[in-house]
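In structure tokens, the next block holds one chain alone, the form predicted on its own.
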């Protein structure tokens, strides 16, 4: 099993789809029932073996450093033995740019990337990916989810090289960023978990703005090659919008109540 010494969490966004709540609190601190969204991502990073977590944020993002300080202050807690560092993304220039902002803080070797907005309940997805990542044959391993054909224009879409394996691996020739439905090579979408070889850094440095005039991580991944998707076992919720956040809260609340009821029997 691959251990990821560095896991990057890009959290510099404004959370505009969650306003007015995000006018008062960072989106990543909004609670999923009783747990801040950011905590799920931190737990997942630790489960994947992270020794260093890099939070890519901006100076005026409210509340994040204070929350991290509270977690650090708990003896034997979640962040015991894990270094958390902050990298600044001064301008919203895209996910590829956000990841590149972490380059100076990344430890040697492959890195993990978690998008906290993409909450995956169930088995820790990045740890699952570490179990199948093969650095000898893969440069990039990306969480994959089958989406409705009408939704492909909202995602990077895999161009599969073969059928999905029994272990959930999906070899791919490349990724197409936000294609029109009639141009999509599949209905497999890249969602917010990545394992990237350290060769990605030089490729990102050379990546020019693409869709939305932003530096797209999918463009850099496509240029690097060695791409595989992975069909994770958990259930994903897009907590960057209100409906996804509400659905995640309901699912987590139900799961937690069921676990507490079983423990009490």
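Positions refer to the first chain, counted from 1. Everything numeric in this text was worked out from a predicted model, so none of it was measured.
The same protein has a further form, the form predicted together with a small molecule, not shown here; the description that follows concerns it.
Checked against the small molecule in the predicted bound form, the candidates 127, 93, 107, 121 yield a single residue with a heavy atom inside 4.5 Å, and that residue is 93. Judged by heavy atoms within 4.5 Å of the small molecule in the predicted bound form, the contact stretch among the candidates 229-237, 199-207, 26-34, 44-52 is 26-34. Of the heavy atoms in residue 255, none are within 4.5 Å of the small molecule in the predicted bound form. Contact annotation for residue 156: none of its heavy atoms lies within 4.5 Å of the small molecule in the predicted bound form.
Heavy atoms of residue 175 never reach within 4.5 Å of the small molecule in the predicted bound form, leaving it off the interface. For residue 248, no non-hydrogen atom is located within 4.5 Å of the small molecule in the predicted bound form, even though that partner is not displayed.
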